[in-house]
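Here you get one chain, nothing else, as structure tokens; it is the form predicted alone.
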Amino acid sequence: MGKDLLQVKDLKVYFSKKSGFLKKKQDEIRAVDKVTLSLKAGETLGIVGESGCGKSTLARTIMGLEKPTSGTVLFEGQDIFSLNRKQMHQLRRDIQMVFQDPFSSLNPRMKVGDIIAAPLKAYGYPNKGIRKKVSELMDLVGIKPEYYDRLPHEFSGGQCQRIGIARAIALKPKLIVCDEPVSALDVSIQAQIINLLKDLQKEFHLTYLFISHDLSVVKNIANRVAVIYLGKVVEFAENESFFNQPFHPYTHMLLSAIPLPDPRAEKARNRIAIKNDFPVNAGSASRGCVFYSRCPIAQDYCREHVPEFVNITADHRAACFYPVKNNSVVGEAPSDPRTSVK
């Protein structure tokens, strides 16, 4: 891996929501709340969490499409929100995106060749060479070049996502933000798209910020994994450490939702019982741990105090007073919140 390509420091993205009689009350929604993370050149960082946890807001902010309340987003050492229009135009070339819905991300009235060519034209690629370049990109992602003049509705979901990927790599970007790029696809097609992304990463030394709600998908592509809950990063680790020994109860909940191929193992597994289906005061300003209302091992101390995001092992960080040991919740949590994992 190379040096840090992307650095997010204490990023906050808050929204105001009117409620109450005559809509006069202002509620503060904390979509992203003090997120700090880094992404090295050539690696894949997986961002995982439930719907509504702030993943897509984080992605849009990193792309420069959402203005932060506070904090910084540094790309190659530059704060992207201090760039002028010309510098932002160059940034758009270096950071591209692959979207969740392969159909709605493509203009239904444009030929797929023209869709892939759009970024090339926007950045002054010679007109005479565009068709040849697009044909090369189509072949690279597994779409026959002779389909250049076809419309998006003539392709399957997996093929449309390949077209979207071809468009994303057309300008040879340094970072690609993948916002749940396989969630709308069948499982067999998901594997094909993941393998394609991995092959392209090796060939072009691409860097991915890979957003997903599915840990089984993230396991197959990410070098490091960050878990977000209600706008906060609650666990962060290298891939192997993360899946071998997760520490946060929320991470255990996500892992226990992954179905096992063996029915006997599925029946015998020890699932963590979450107290509530939905969080209390979701995304709003409140005291205590954000996971308190759903955590099966929460203590009264958790209601009043916010856990720090600290190292539990050398390469594994979590924000929990009572980190879970041995991949399951056994007995009651220790009474002393300063107790560490041995």
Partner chain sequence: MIILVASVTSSVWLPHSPTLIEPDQRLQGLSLQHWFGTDNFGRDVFARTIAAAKVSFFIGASVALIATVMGTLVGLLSGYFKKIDFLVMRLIDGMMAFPALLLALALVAAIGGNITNIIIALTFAFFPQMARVIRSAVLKVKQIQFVEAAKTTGTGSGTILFFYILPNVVSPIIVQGTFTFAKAILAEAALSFLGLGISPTIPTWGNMLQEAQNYITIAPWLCIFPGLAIVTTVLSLNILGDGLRDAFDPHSRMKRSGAQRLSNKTKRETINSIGGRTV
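Everything numeric here is computed off the predicted structure, so don't read it as measured data. Residue numbers count along the first chain shown, from 1.
The protein also exists as the form predicted in complex with the partner chain; that form is not presented, and the subsequent description refers to it.
A.B. asks: Please tell me whether any heavy atom belonging to R60 falls inside 4.5 Å of a heavy atom of the partner chain, as the geometry stands in the predicted complex.
C.D. replies: Output for R60 is yes: heavy atoms within 4.5 Å of the partner chain.
A.B. asks: Does any part of S183 reach within 4.5 Å of the partner chain in the predicted complex? Heavy atoms only, please.
C.D. replies: No, no contact at 4.5 Å.
A.B. asks: Is K133 one of the residues lying within 4.5 Å of the partner chain in the predicted complex, judged by heavy atom distances?
C.D. replies: Residue-level check for K133: no, no contact with the partner chain.
A.B. asks: Could you tell me if N195 has a non-hydrogen atom within 4.5 Å of the partner chain in the predicted complex?
C.D. replies: Residue-level check for N195: yes, a contact with the partner chain.
A.B. asks: Are all three of Q96, Q100 and R162 close to the partner chain in the predicted complex, meaning a heavy atom of each within 4.5 Å?
C.D. replies: All of them do, each having a heavy atom within 4.5 Å of the partner.
A.B. asks: So if I measure heavy atom distances to the partner chain in the predicted complex, which of the stretches 216 to 224, 233 to 241, 85 to 93, 249 to 257 falls within 4.5 Å?
C.D. replies: This holds for exactly one stretch, 85 to 93.
A.B. asks: Quick one: which residues from 100 to 138 get a non-hydrogen atom within 4.5 Å of the partner chain in the predicted complex?
C.D. replies: Result: Q100, D101, S104, S105, L106, N107, P108, R109, M110, A118, P119, A122, Y123.
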